[in-house]
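Presented below, as structure tokens, is a lone chain in the form predicted on its own.
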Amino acid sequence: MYVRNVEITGIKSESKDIKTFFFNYSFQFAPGQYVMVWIRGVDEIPMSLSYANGITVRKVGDATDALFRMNVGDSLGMRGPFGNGFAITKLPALIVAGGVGAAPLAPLAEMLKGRVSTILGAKTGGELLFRERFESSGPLLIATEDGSAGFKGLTIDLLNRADGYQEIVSCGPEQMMRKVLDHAVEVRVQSQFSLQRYIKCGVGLCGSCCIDPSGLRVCVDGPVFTGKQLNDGEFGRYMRDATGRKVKF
């Protein structure tokens, strides 16, 4: 629960609506863990660590809009790291990353260098995140919806082109991950998924991030879950917003 004050030391524009913010403190973390980022006077939001000293953010709401207006030298409050990370038990592994979901997976690819391959997808070539980091870690397949880089289509369209892996790990749009899970079940390999959900407290007290029907809390039991934990629940079908209301994908 300790809030650490960190100063922004660098800002990199990854695309028109995605930025990486670097700060003056390096966290000891497992790829997949997250920090609660406090934009003072606005809100506190969960963000996966894309570097030991960096988070990669898409501008999607009031908090991220305020973060995008900040400059080098400004400060943030941070708690964490929280939750669990990816625990790979079978190698080689296949990473399936969609959009800003590449953020927690790039450190994992670097950790598994030489024992991992990646399918990386985005809407356009200009929105592909951390291409160089994935390329330097192992074979890379690219998919863009407009065909401006790699295969024209979706990441899931490339699943049958990958082979030789013993486990799949994924982060990205939940409907995409649902199809990755269905594929993993079909080919009978283990799978893990990082959920991007509404998190309020980060320590398992409020229950805002519980998932149906298990009641598992994304903030402390996740954000990384196995395919077995998710297969028969709400995953890819609906989620709950800040009021607890079901929102269908």
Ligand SMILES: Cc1cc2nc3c(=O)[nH]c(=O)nc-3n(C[C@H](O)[C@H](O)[C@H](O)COP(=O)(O)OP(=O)(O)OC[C@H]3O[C@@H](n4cnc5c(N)ncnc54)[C@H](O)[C@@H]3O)c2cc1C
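Everything numeric in this text was worked out from a predicted model, so none of it was measured. Residue numbers run from 1 along the displayed sequence.
Below, we refer to the form predicted in complex with the named molecule, which is not included among the displayed structures.
**Asked** Does at least one non-hydrogen atom of residue 183 fall within 4.5 angstroms of the named molecule in the predicted complex?
**Response** Contact with the named molecule, no.
**the named molecule contact in the predicted complex: residue 212, any heavy atom under 4.5 Å** = Judged by the heavy-atom cut-off of 4.5 Å, residue 212 is well away from the named molecule in the predicted complex.
**Message:** Against the named molecule in the predicted complex, would residue 193 count as a contact residue? Criterion: heavy atoms within 4.5 Å.
**Reply:** Looking in the predicted complex, residue contacts with the named molecule do not include residue 193, since no heavy atom lies within 4.5 Å.
**Item:** Close approach of residue 51 to the named molecule in the predicted complex, 4.5 Å, heavy atom
**Value:** No, residue 51 stays farther than 4.5 Å from the named molecule in the predicted complex.
**Message:** Is it the case in the predicted complex that 56, 62 and 197 each bring at least one heavy atom within 4.5 Å of the named molecule?
**Reply:** Looking in the predicted complex, the three residues 56, 62 and 197 all sit within 4.5 Å of the named molecule (heavy atoms).
**Request:** Note that the named molecule is not shown here; using its position in the predicted complex, name the residues of 83-107 with a heavy atom within 4.5 Å of it, in sequence order.
**Result:** Those in contact are 100, 103.
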